[in-house]
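To begin, one chain is listed below as structure tokens, in the form predicted on its own.
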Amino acid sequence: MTLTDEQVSTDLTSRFRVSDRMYPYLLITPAMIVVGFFALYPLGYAVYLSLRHADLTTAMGIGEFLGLENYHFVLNDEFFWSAVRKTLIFSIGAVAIELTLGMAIALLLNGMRFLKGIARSLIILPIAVSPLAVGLIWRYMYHADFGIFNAIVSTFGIPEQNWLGDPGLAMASIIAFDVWQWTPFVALIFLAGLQSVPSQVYEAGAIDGASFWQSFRYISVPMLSRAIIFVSLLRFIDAVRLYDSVFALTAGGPGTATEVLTFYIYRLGLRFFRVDLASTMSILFLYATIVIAGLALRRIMIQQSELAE
């Protein structure tokens, strides 16, 4: 019996047809391969290194199995906790200022009647620039001899400062740079939240005699609570990963005044080649970040369920 061309085509189609259950897995397989190669494999290898003695300056390289000894050493390392403390100082200080300024800018933009689109386009420019590239520009702006910041403060009779060379000013200088770059992002998130609030709510408050501060406190803040938690989480996770700005501005100096955790891990692993300790710190850093993110997301989900009820 001879099969027609149509029958052969139908037979081949039915043979190679993918079921509806397998089709989604087929689509995500290429992405999962990329994620596995660039994320899961390095993570697993970091866990492997954290359990062994791995000093690349020696002929042995990756040595014997140590179990949790590296974790015990890191958790008792004063330099590690010093880097953690500097990271928290930077993260909490920068995020708090960015949230405050971002809310103020969002309120100003929301109240604008003209040129609102142009204003949004202009304030987003700092986000589009690489932190490393613009950090080098700010390094010259902070220069003690010919920097523009000393030129500005000198016009007000304030003594010129060694912004990046003074241990008491170096961290504040990095925070100021981060605030300049990421406050527009916070402002745009808050602006989107403010524009989603129905105008009738503010009109009802105005009819009841609510002042601007009362409308902000009792209407804007509760309506933006999820956005505030969300943007705080995003900025905190990004802030604790700080590296580019420190590398471009101070390289961890003066001394170790601005040596945050990520820069300390880089110095320990890629300069002194103690990849076992660097991997251990990275695992602990990842674990702490996941816990903080989980608690914040849990708070968002609770609020979402309360609103749904």
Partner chain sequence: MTTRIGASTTRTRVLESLRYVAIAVLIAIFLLPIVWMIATSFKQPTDILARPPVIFFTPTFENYRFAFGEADFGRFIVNTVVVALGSTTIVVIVGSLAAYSFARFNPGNGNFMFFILTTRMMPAIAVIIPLFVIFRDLGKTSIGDTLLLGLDQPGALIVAHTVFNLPFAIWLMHSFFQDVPRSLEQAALVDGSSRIKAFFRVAIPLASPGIAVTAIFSFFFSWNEFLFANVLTRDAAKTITVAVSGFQTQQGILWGPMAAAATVAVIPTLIFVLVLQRFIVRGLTMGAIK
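Numbering follows the first chain given and starts at 1. Keep in mind the model is a prediction, meaning the values are calculated, not measured.
Same protein, other form: the form predicted together with its partner chain, not shown, and the subject of what follows.
S.K.: Would I28 show up as a contact with its partner chain in the predicted bound form if we use heavy atoms at 4.5 Å?
M.R.: Flag for I28 set to yes.
S.K.: Contact between D145 and its partner chain in the predicted bound form at 4.5 Å, heavy atoms?
M.R.: Residue-level check for D145: yes, a contact with its partner chain.
S.K.: Does the 4.5 Å heavy atom contact test between P126 and its partner chain in the predicted bound form come out positive?
M.R.: It does: once its partner chain is placed as it appears in the predicted bound form, P126 has a heavy atom within 4.5 Å of it.
S.K.: Quick one: does L188 come within 4.5 Å of its partner chain in the predicted bound form, counting heavy atoms only?
M.R.: Within the cut-off, so yes.
S.K.: The chain here is shown without its partner chain. Which stretch in 87-95, 199-207, 102-110, 166-174 comes within 4.5 angstroms of it in the predicted bound form, by heavy atom distance?
M.R.: This holds for exactly one stretch, 102-110.
S.K.: Looking at L75, I219, V153, L132, which is the one with a non-hydrogen atom within 4.5 Å of its partner chain in the predicted bound form?
M.R.: Looking at the other structure, the residue within range turns out to be L132.
S.K.: Enumerate the residues of 228-266 that have a non-hydrogen atom within 4.5 Å of its partner chain in the predicted bound form, in sequence order, or give none.
M.R.: F230, L234, I237, D238, R241, Y243, D244, F247, T262, I265, Y266, in sequence order.
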